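Below sits a lone chain in structure tokens, taken as the form predicted alone.
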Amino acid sequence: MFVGRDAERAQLRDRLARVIAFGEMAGPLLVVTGPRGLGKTSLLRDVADQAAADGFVVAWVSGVKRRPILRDVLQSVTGALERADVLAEPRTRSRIKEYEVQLHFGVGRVGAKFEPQSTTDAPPLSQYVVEAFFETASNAVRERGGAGLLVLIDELHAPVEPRSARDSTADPEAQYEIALLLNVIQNMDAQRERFPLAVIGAGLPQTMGLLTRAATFGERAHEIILAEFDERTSQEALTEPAAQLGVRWEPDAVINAVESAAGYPQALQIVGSAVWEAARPERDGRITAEHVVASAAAFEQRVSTMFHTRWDVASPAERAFLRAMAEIDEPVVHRRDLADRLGVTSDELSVPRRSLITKGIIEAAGHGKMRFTIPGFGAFVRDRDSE
């Protein structure tokens, strides 16, 4: 079951309600952002399930690092239309296939000649074909009695990630295709009555900056920023699924478990799983504080694995950066304090900082500030250095 994110779910439902009620585009691109483990993908899947129940044809795409995404979007939409039997009408099927062929040729031809400085200049033919594709696809759903078309793009940041920590440019063709997609969405929203369609993405905190770098009008996308769960929602994430199976958490047990997860949804999943395995409750059973204690070793081992995964992808320079952050031992670390501790200038922090943000290990926490994206990671770094 899905717990929490009530405000975010309401925003997304309101977007889709416009498509259902008026048969028009839901609005500009909407992007759900947050560090890894906060439930962005789970939120998208919840949206997908609700939209499908409301009569949408749902197409799902996941971005891949530094790889063009447009063909994947088109193929996903076509596959979703076929599964929903929307392409049964020969004329609609023929038009969709024709657009696919034109676009594949256009993207390949333009990509081969791409110049980085022209990222915002989408060739008219390709833009026209993409818009025509979406218009035909979304209206075909509506004409067959559906609500419209929903396109969900997970890992939206991945195609336009920098090539490396020292080279902030993205793959040229991938950046071109994101720019083209943003331009198309902007133009469709300006003529919303023609497109019973919604486009929603999800990505890491740097997603909006990467989109704006690909095309300046990327800043017009709307952003929903996810944060850690509060105490009430954290408790519900543990108790509500158990209640559906007739199992009750005792108050002290749930308080102890929630404290260990510190509001981090992925950690809540880990502690919930570990406690359940320790308790093995029957229907009408109870989960007690003793079960939480018994699960502690399993919980620590799984969380440590999560921490090690992130530590292992850090370079030596980045690990020095992380050690210094951990030694400062504050929820939010000021850039100047970190530079002083490392004995470097603030500018010298730029490369490792950008790389660690891209890897999802730290995030910006205001101007000149940063923090770890996972609660407890600082303690993990300090503990491993003291061994």
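Don't overthink the numbering: it's just position in the shown sequence, from 1. From a predicted model like this one, the values you see are computed outputs, not experimental measurements.
We do not show the form predicted in complex with a small molecule, though everything after this point is about it.
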Q. Even though the small molecule is not shown here, does it sit in the predicted bound form so that Arg5, Ser42 and Gln269 each have a heavy atom within 4.5 Å?
A. yes
Q | Interface segment, criterion being heavy atoms within 4.5 Å of the small molecule in the predicted bound form, picked from 32 to 40, 49 to 57, 347 to 355, 322 to 330 | A | 32 to 40
Q | 4.5 angstroms heavy atom contact with the small molecule in the predicted bound form for Leu204 | A | yes
Q) Does Phe299 make contact with the small molecule in the predicted bound form, using a 4.5 Å heavy atom cut-off? A) no
Q: Decide whether Glu250 counts as a contact residue for the small molecule in the predicted bound form under a heavy atom distance cut-off of 4.5 Å.
A: no
Q. Is Phe229 close enough to the small molecule in the predicted bound form to count, meaning some heavy atom within 4.5 Å?
A. yes
Q) Among Glu155, Asp171, Asp189, Glu135, which has any heavy atom within 4.5 Å of the small molecule in the predicted bound form? A) Glu155
